[in-house]
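Take a look at this single chain, the form predicted alone, given in structure tokens.
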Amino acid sequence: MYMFKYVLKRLGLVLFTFCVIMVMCFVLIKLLPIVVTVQIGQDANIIYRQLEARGYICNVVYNSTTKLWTYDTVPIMTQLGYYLQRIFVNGDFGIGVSMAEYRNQPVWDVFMEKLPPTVLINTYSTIIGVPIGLGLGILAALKKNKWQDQVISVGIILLISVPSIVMGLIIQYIFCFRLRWFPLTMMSGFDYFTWPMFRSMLPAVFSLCLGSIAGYARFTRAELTEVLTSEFMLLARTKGLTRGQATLRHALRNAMVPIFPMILSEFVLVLSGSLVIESMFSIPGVGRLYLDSITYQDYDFFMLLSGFYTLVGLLAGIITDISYGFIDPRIRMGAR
């Protein structure tokens, strides 16, 4: 009952937070001046009329003498009303206007097309990073203050200190340019589950997961070291259990209580960090699309992708908190 009340309360807070963040994003981007980029053979009149049809501007006039467009801006709250009406009444998340590559394309269709590469590189990063990070952390805890622990600790400090963008440049130079083990950028196409495509994703995956490996290893070492020195571990050893048996049956189970939720939160951090990595390795994912939407101020793309990243972060927070109650029955969320 306590968990049910807690989940309902958190869902309500998530919904309220999501609405506040999205309204702030809408208002802030609308305060910026409208930038219309027109390439050779394109008509600026079409773009301005599309913005007018979407309810963003009105009274569009072209001055043939100054060769400038003038318009009046629709009040921001009125624009927000039009935007919400299109979404909830018509199911219309908008069309691309400012970015030439996605002009006149439905925002939702482009988003669904770009989503798989982003999900895959983050999933691969988690699949590779979690077991390696946990394994190194367990080894460092069991070999505390020995040479294995010292080597792992130095490696952890180096990996945590180097930003993912710098790590990406190092991987590109060494493994892609000098050794030529991997291509510099991701292959084009939609065959995401073929070996050539997976191989082309690996540099971006390694750039993302190396920092996560260091985080997992550091946290696991700290938690397991504390558990191994607990009194109940001494009691288990006095009952006749070997060190390995006591570690597997008792120490790891107790240490995983805070570690498992940390894995969920780390996945979200990797997802947000992939914004820059996707641009570096030409990953055709939503991260690169998000940066382009900010650069070209494409409102509908920006709002949808802002909502996506905001929702992922908020839901991950709920899942992390709720997972404590299921992993450790002693924890009762919402109980006084």
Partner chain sequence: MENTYANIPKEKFEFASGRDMVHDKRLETKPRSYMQDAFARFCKNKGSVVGAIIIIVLVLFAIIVPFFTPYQVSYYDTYYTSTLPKNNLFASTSFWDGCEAREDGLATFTYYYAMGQETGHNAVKNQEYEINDEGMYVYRLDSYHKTGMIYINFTLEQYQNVQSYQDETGRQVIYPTVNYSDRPQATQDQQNANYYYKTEGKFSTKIVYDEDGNVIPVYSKRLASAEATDRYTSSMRIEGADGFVGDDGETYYYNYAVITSSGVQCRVNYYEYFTYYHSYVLKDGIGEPLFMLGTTGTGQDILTCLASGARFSFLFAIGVAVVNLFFGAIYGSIEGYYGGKIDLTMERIADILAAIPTMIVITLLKLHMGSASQVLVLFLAYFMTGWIGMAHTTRMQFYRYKNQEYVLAARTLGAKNRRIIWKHIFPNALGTLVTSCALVIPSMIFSEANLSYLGIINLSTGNITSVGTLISAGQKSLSTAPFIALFPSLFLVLLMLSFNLFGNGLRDAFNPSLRGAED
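Computed from a predicted structure; not experimentally measured. Residue numbers count along the first chain shown, from 1.
One more form of this protein, predicted in complex with the partner chain, exists but is not displayed; see below.
Is residue 32 a contact residue for the partner chain in the model of the complex, using a 4.5 Å heavy atom cut-off? Judged by the heavy-atom cut-off of 4.5 Å, residue 32 is in contact with the partner chain in the model of the complex.
Residue 47: heavy atom within 4.5 Å of the partner chain in the model of the complex? No - in the model of the complex, heavy atoms of residue 47 and the partner chain never come within 4.5 Å of each other.
Is residue 163 near the partner chain? Define near as a heavy atom within 4.5 Å, in the model of the complex. Residue-level check for residue 163: yes, a contact with the partner chain.
Does residue 314 make contact with the partner chain in the model of the complex, using a 4.5 Å heavy atom cut-off? Yes, contact at 4.5 Å.
Heavy atoms within 4.5 Å of the partner chain in the model of the complex: which stretch among 232 to 240, 86 to 94, 169 to 177, 132 to 140? Selected stretch: 169 to 177.
All of 158, 279 and 290 within 4.5 Å of the partner chain in the model of the complex, heavy atom check: Contact check passed for all of 158, 279 and 290.
Let me know which residues along 10 to 33 have a heavy atom within 4.5 Å of the partner chain in the model of the complex, or say none if there are none. Read in sequence order, the residues that approach the partner chain (within 4.5 Å, in the model of the complex) are 13, 16, 17, 20, 21, 24, 25, 28, 29, 31, 32.
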